[in-house]
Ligand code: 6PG
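For reference, the chain that follows is the form predicted alone, supplied as C-alpha cells.
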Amino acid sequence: MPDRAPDPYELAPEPPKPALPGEVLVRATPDELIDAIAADLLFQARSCVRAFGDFHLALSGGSTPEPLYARLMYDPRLRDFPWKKTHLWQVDERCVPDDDERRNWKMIGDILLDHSDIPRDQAHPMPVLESDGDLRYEGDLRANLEWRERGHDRLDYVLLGMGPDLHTASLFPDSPALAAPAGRLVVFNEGPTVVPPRRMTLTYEMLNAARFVSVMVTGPAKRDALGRLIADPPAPEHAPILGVQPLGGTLRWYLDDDACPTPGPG
C-alpha cells in the first residue's frame, strides 16, 4: 500500500517544551507570547472578580513585561479588563526616589495608572524609602486581603521574570531574603549578590501562596540560563526561581522560541 500523501493543511507537530517545574507555554515570538499572557490574565481577572468581588495583581518591572502592560491598554480585546475592581501591587522595587528612571513603579504607573480607570487607592507602590517600608507594605497586603474567606486571602496573579543569574523578583542567589523568617511577606534585600541598589521584595511565602504565578522569559539572552535549569538544576539558594513553588496554585512559564534551549540529541 502506498504511503499516505501528505496533507498540505496538516499542522506541524509542536516542538518539545523545556522540562521546567509547572506548566510551560511556548510561542514563536514575543508578540504571540504577549497575546497568550494577556488572554490568561484577563480570564483570571474576570474569574476572581466574579468569585471575590476584586482582583489582586502583583507585577514586576523591567523591559520584558513592558510591552505586555502597553498591550493591556490599547488592545480592543482587553477593553473589558476589570480595572475598577483591581488592586495593583508590586513584586519588588529598587530603593531609589520616585522620579528615578530605575524605579519599577515609574514604568508601571506611567502605563497602567495613567491610561486605565483603576482607582488610585487601589494602586499600591512599595514605600522603599521608609525605614519600616517592608512592614508597612506587609500590613497593607494583609489589610486588603484579610476580609476574604480564609484560604482565599492571597494574591490572585503574580507576574515574574527571571534574570540570567536565575534570580526572580529581588530574590538573588545566596541573598538574605531567601531565608526570610516565617510569616514575613515583604522584606528588604541587600548584600554582595544583590545587584545594587538595595531592594524591597515579596518573599517566597507571599509568592507561593498566590493563586496563579506566571514567569515570562523572552529572548536569546535567557537561553543559557534556562538551559542550566533544565540540564542540571541548582539548589534554590543558587537559583531562586526554583524556590517559586505555589502551594495550591498554578505555576506557568511563558517562553518565546528565542529563550528556549536547543534540545540535545536523543
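Since the structure is predicted, the reported quantities are computational estimates derived from the model, not experimental observations. Don't overthink the numbering: it's just position in the shown sequence, from 1.
Here the subject shifts to the form predicted in complex with the ligand, a form of this protein not shown in this document.
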Inset, instruction - Given that the partner is absent here, state which listed stretch (86-94, 141-149, 182-190, 120-128) has heavy atoms within 4.5 Å of the ligand in the model of the complex. - result: 86-94
Legend entry - Residue contact check: Asn208 to the ligand in the model of the complex, 4.5 Å heavy atom: no
Inset, instruction - Answer yes if any heavy atom of Ala177 is within 4.5 Å of a heavy atom of the ligand in the model of the complex; otherwise answer no. - result: no
Inset, instruction - Answer for Gly62 alone: is it within 4.5 Å of the ligand in the model of the complex, judged on heavy atom distances? - result: yes
Legend entry - Any non-hydrogen atom of Val158 within 4.5 angstroms of the ligand in the model of the complex: no
Legend entry - Heavy atom within 4.5 Å of the ligand in the model of the complex - qualifying residues of 218-239: Lys222
